[in-house]
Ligand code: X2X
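Encoded as C-alpha cells, the following chain is the form predicted on its own, with no partner shown.
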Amino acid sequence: MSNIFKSLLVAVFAMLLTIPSFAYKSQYKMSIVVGPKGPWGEAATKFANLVRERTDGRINIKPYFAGQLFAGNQTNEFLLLRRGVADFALGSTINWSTIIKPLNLFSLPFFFKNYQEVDAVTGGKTGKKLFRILRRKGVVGIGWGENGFRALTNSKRPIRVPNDLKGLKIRVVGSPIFIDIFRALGANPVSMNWSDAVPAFRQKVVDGEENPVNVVIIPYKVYNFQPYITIWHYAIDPLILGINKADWRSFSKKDRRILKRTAREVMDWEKIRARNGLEGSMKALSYLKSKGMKVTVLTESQRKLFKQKTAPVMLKWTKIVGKNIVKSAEKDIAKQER
C-alpha cells in the first residue's frame, strides 16, 4: 500500500470521527404542571405536534400533563429536567425559582407595571443572562412564554387596600417569596399544590388564592367558589420552554434550528392567548363579571400602598435574586420606556 493511499485513508478516517453521531430517542418526555386545557397546556401540545411534523418524526415529544413526572411536587420539575427524567419542560419560572434563585425576579412584589416591561426584560439582556444561568445548570432555554400577571381571588371581601387582606388564608405556590409577600400584607399564606387547593376552596378551609386569569382562573372556573377578584399586577409568571442539555447536544444543528424556530412561534402564540382580554378593553374582566365575580382593578395610587407594605420583601429578595440581575432588568425596562 502506497504512502499516499495510507495518508488518504487516515485523512478519511479522521474526517469520519469528526462527523457527529445523532442518537435520537424513540420518544421524548415533556413535563407540564397543568392539564391540557388553557394556553399553557395547549401550547405544549402545539409545540410537540409541530416539532414532530417539522422533523419528520425524528423528535417525537410526549407531553406529560398535570405533573405526572414529578409526583405532585411541582417545585421539583427543574431538577427532574436537569437529571433527564424529563427531556423537555414548559415550566413556570415560579416553580423553577426555588432552584434557580435569579428567576425570582418575576415574583418581586410590584416590580413590573405592565406586559411591555416584562417583554423588555425577557427579550432583552436580562433574558439572555437568565438563559445562560440555566444552561450552566444543565438546561437549555429556547423560548419565553407566559401565564400572565397573577390576580387575587377570595371568598370573603373585595381587596382594595393592604388591610383588607388581614387574616385571610390565601393559597400560594410553594415558593418562599410568596409566603413573605402575603405575610407582609397581613394574610395567612398556605402553600399547597393546586390539586389539593380546589377541594379546600370548596370546603371553605382556604379563603383565597392568586393565579393568572386566562391560565387558571377562567379555565378552572375559580369564580364558582371565589366571587371576589383583584387585578393588581403584583407578580408575573413567565414560562420557559427548556430542554435537558444532554438531549440538546444530541440533536443535529438542523433540528436545533427547527426547535428554536418552533419555540419562538408557539410561545408568541401562547403569550397572546394568556394576555387575551387583559389589555385595552379588558374583555376578560367582563366575562368574569358575567359569571358573578365582583372585579376590583387597583389604581396606581392603591397599588403603591401595597408596594410600600412589601418594601422589606423587595429588599430581602433583591439580594437573593442578585443585584446585578435586578439592575439589568431595570435597564431593560428603562430602554423600553424611552
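Residue indices: 1-based, along the sequence shown. No experiment lies behind these values; they were computed from the predicted model shown.
Separately, the form predicted in complex with the ligand exists; it is not shown, and the next lines address it.
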Report task. May I ask you to choose, among Ile94, Val266, Ala151, Ile159, the residue with a heavy atom within 4.5 Å of the ligand in the predicted complex? Result -> Ile94
Query raised in the report: From the list Leu278, Val34, Ile59, Met293, which entry has a heavy atom within 4.5 Å of the ligand in the predicted complex?
Result: Val34
Query raised in the report: Does each of Gln74, Arg171 and Asp237 have at least one heavy atom within 4.5 Å of the ligand in the predicted complex?
Result: yes
**Report entry** Contact of Asn147 with the ligand in the predicted complex (heavy atom, 4.5 Å)
**Finding:** yes
Query - Close approach of Asn211 to the ligand in the predicted complex, 4.5 Å, heavy atom - result: yes
Report task. Verify the contact flag for Tyr115: yes if a non-hydrogen atom of it lies within 4.5 Å of a non-hydrogen atom of the ligand in the predicted complex, no if not. Result -> no
**Report entry** Partner contact for Phe47 in the predicted complex: the ligand, 4.5 angstroms, heavy atom
**Finding:** no
Report task. Determine which one of 94-102, 250-258, 228-236, 161-169 lies within 4.5 Å of the ligand in the predicted complex, judging by heavy atom distances; exactly one does. Result -> 94-102
Query raised in the report: Along 180-203, which positions have a non-hydrogen atom within 4.5 Å of the ligand in the predicted complex?
Result: Trp194
